[in-house]
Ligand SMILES: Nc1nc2c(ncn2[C@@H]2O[C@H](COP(=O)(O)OP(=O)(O)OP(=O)(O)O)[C@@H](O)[C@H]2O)c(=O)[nH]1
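Only one chain is included here, represented as structure tokens and corresponding to the form predicted alone.
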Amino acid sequence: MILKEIERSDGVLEVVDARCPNELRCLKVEEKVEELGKPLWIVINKVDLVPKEFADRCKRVLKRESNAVDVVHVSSKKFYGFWILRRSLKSYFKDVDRKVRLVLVGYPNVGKSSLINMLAQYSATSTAPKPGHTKGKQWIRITGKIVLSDTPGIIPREFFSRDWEKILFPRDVEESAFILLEKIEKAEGSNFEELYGLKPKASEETLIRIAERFNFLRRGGELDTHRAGQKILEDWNSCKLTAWWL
């Protein structure tokens, strides 16, 4: 479905998480977009969660290492970046004299829906559902002729790296927490110590100490390391926990 949407579109916005933007790019989708001859924009969302110097460096690296028309910083939470993105799109399609349809794609939890909501708030109206598309689909107007599908494209699981499949869809919560902890341990910076009162380390001891700190107990008073691992994953997904690395 996502590939069909890309084929029918005039361009693609790929949303990545500012905390680890390079890891959450989908190179297979980028290759498909290039193969189809479609323009690509990489939208670095949640930029409010990382230092400005890091965000600026990420933008330079992604511009250098991708075939994107542009790389744009956005914070859906802070309503930052819409006009920058709009100018970039408008400039690229300035000589097109018809309606331009764009689709938005990305991994789960990178903020696709919140970005759509931000764009919808600035949009005067959404156009009516169009024939040939899923019933009920709406198009959000970004400029007079540029519209964006309000249905975010979810990157297929088979395109995921194994690490992020485990983090985003944990079967073994403690294993998934350890994978995330390994990444945070090597990160350039994080608020992990501020949140949990200890340095990040992928070890059973870390889960034990977090369980102690938050009084996570099983029946009988045993420390619940499963809940500790779950908390780390939930704090990451809710953006309470932040760390940044390329």
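Keep in mind that what you see is a predicted model, and the values were worked out from it rather than measured. The numbering used is simple: start at 1 and walk along the sequence shown.
The same protein has a further form, the form predicted together with this ligand, not shown here; the description that follows concerns it.
Asks: Heavy atoms within 4.5 Å of this ligand in the predicted bound form: which stretch among 193-201, 210-218, 41-49, 61-69?
Replies: Stretch with heavy atoms near the partner: 41-49.
Asks: Given that this ligand is not shown alongside this chain, does L3 nevertheless sit within 4.5 Å of it in the predicted bound form, heavy atom to heavy atom?
Replies: Output for L3 is no: heavy atoms all beyond 4.5 Å of this ligand.
Asks: Give a yes or no for I154: in the predicted bound form, does one of its heavy atoms lie within 4.5 Å of a heavy atom belonging to this ligand?
Replies: Heavy-atom contact with this ligand at 4.5 Å: present for I154.
Asks: I'd like to know whether S176 contacts this ligand in the predicted bound form, with contact meaning heavy atoms within 4.5 angstroms.
Replies: The answer is no: S176 has no heavy atom within 4.5 Å of this ligand.
Asks: Against this ligand in the predicted bound form, would S88 count as a contact residue? Criterion: heavy atoms within 4.5 Å.
Replies: Outside the cut-off, so no.
Asks: Between F82, W164, Y107, W139, only one gets a heavy atom within 4.5 angstroms of this ligand in the predicted bound form; which residue is that?
Replies: Exactly one residue meets the criterion: Y107.
Asks: Mind listing which residues of 74-99 have a heavy atom within 4.5 Å of this ligand in the predicted bound form?
Replies: Counting only heavy atoms within 4.5 Å of this ligand in the predicted bound form, the contacting residues of 74-99 are S75, S76, K77.
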